[in-house]
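Next up: just one chain, as C-alpha cells, the form predicted alone.
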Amino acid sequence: MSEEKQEKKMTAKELSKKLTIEYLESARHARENGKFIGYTTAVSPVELFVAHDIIPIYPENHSVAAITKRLTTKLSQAMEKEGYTTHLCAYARSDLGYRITGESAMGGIPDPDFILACNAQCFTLTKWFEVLSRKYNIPVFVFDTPQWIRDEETRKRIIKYCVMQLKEQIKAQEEVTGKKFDYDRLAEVMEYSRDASHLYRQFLDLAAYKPSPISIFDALIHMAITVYLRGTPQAVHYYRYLIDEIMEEKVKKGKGAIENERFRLYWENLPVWFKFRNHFNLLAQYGGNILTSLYVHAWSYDFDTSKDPLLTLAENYVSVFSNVTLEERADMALDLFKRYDLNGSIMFLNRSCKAVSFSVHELRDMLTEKTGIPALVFESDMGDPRFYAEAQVKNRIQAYFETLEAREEAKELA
C-alpha cells in the first residue's frame, strides 16, 4: 500500500504521532546527516534554525511529556536534593531532573550544539537555559524582547533592537555550523510558517461553531505540530488534513466535542497537564466546554512575507500575549469572548508560571467588568501533583457551574 493511501486511513492524531516520531528520529540522527541540534523555547524565531539545518528541540515539550506521565514529582525531588526550590517552574524541574536521573517519558532528547532562549513568553526561561549552557559548556543566545507597550515610537525602537539581535543570532549560528546563512532558504521557510500559522488559526476558529467541534484539549494536542514543525511543509500539510477531518466528521454532522454543550468557556493560563483528561470529563458533566485561551492562540502568528523576514519575525515574536501590557492582554481575551460567544471563564493561578499568573486577579476583574460573566479562579501547579487539591477544585467547579446555571435561568426569565 502506498504511503499516500496509508495516510488517508489515518486520523489526524495518528498523523501527528507519525510526524512527531519522524521529527524525533531526524533529531537523534542529526549529526550523522550533517545537521545540528538547537535547544530553544516554544516561542522563539525558530525559522532561523530551520533555514540553517539546525533541528529545534524544545525542553518544554520534553517536560510536558514527563508531566503527563506523572514523572514530575520524582524528577523534582532529584532537583530539590541539589538545592533547587519547588517554587521553580515545573517544566524546568522536570527537564533538569532528567539531566540528573536520565529518566524520560520519550527516550530522552539529543544534547544541544546551540541554545536559544527567548524571554517573550517567560523571563525565567533564560535561567533554566543558563543551567543547560553550563552543563554542556556551550553559550546561550538570549533573544531579548522588551515589553510590547502601546506607543508607536517605542515600538519602532523595540523592533529595530530585535532585528539587530536576529542578525547577531544568525552570526552566532554561522560560527557554530561553520556555514553561511542562506536568506533565500529563510524566505522559503517563512512562507511555510505563514501558511501553517494561518491554517492553525483556522483550526482554532472552528470553536465558533455551535456546538463547537473542538475543545481546548483538542487545541492543546494539535498545537504541538506548529510548535516544533513550524517552517516546514509537514506543518502546512498537517493543518489542512486536520481541518478537513473536523469539517467532515463533526461540523457537517453538527457534532460537538461534548454532548449537550451549554457553557462555552474561556481558560486563562497553561493547562494542568496531569489533569488533562480529567478536567475535560469533569466539565462535560455540567455541559461545559473550554473552547479557547490566549495560550493556544500564542502560535497563530501573522507573518507578512512581503516584508524583510527579520522584520516580520521580530514583529510577531515580540508581541505574544505574555509580553504585552495587561490592558492589551485583556483586549486580546475579549476578542476571544466575542469571536466564540463565550459565557463562562476559568482562570488558573499557576504557581509554576509566574510570568503568566502575576496578574490573573486583575485580568479577571477587567474581563468580568467588560462582559458581565463571572469567573472562577483556582490555584494549583501545571506540572506537580503535590500542589493540586482534588476535592477543593471539584467543589469549586461545581459551585461555579451552579452560578452559571442561575445566571442563565435569570436571563431566560428576564
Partner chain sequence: MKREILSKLIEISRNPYPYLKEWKKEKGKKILGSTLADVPEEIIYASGAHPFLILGTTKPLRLATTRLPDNACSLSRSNLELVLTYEGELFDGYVLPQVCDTTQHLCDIWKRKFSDRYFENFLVPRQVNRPSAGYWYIQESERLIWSLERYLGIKIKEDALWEAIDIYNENRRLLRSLYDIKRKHPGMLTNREFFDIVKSGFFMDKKEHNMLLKELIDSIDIEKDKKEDDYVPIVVAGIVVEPNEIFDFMDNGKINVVSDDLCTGSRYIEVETKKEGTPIEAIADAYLKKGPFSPIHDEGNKMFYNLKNRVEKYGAKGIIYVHIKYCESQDYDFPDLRRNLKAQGIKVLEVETEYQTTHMGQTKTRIQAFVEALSEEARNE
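Computed from a predicted model, the values in this text were never measured in an experiment. Positions refer to the first chain, counted from 1.
The form predicted in complex with the partner chain exists for this protein as well; it is not shown, and the discussion that follows is about that form.
Screening 202-210, 159-167, 273-281, 252-260 for residues having heavy atoms within 4.5 Å of the partner chain in the predicted bound form returns a single hit, 159-167. The three residues 299, 302 and 334 each lack any heavy atom within 4.5 Å of the partner chain in the predicted bound form. Using a 4.5 angstroms limit between non-hydrogen atoms, residue 351 touches the partner chain in the predicted bound form. Under a 4.5 angstroms non-hydrogen atom cutoff, the partner chain in the predicted bound form lacks residue 371 among its neighbouring residues. For residue 222, no non-hydrogen atom is located within 4.5 Å of the partner chain in the predicted bound form, even though that partner is not displayed. Contact between residue 177 and the partner chain in the predicted bound form is not found at the 4.5 Å heavy atom cutoff.
Only one of 343, 77, 322, 234 lies close to the partner chain in the predicted bound form, with a heavy atom inside 4.5 Å, and it is 322.
Of the residues 312, 104, 126, 73, just one reaches the partner chain in the predicted bound form with a heavy atom at 4.5 Å or closer; this is 126. Residues are counted as partner-facing when one of their heavy atoms sits within 4.5 Å of the partner chain in the predicted bound form; in 135-150 these are 140, 141, 142, 144, 145, 146, 147, 149, in sequence order.
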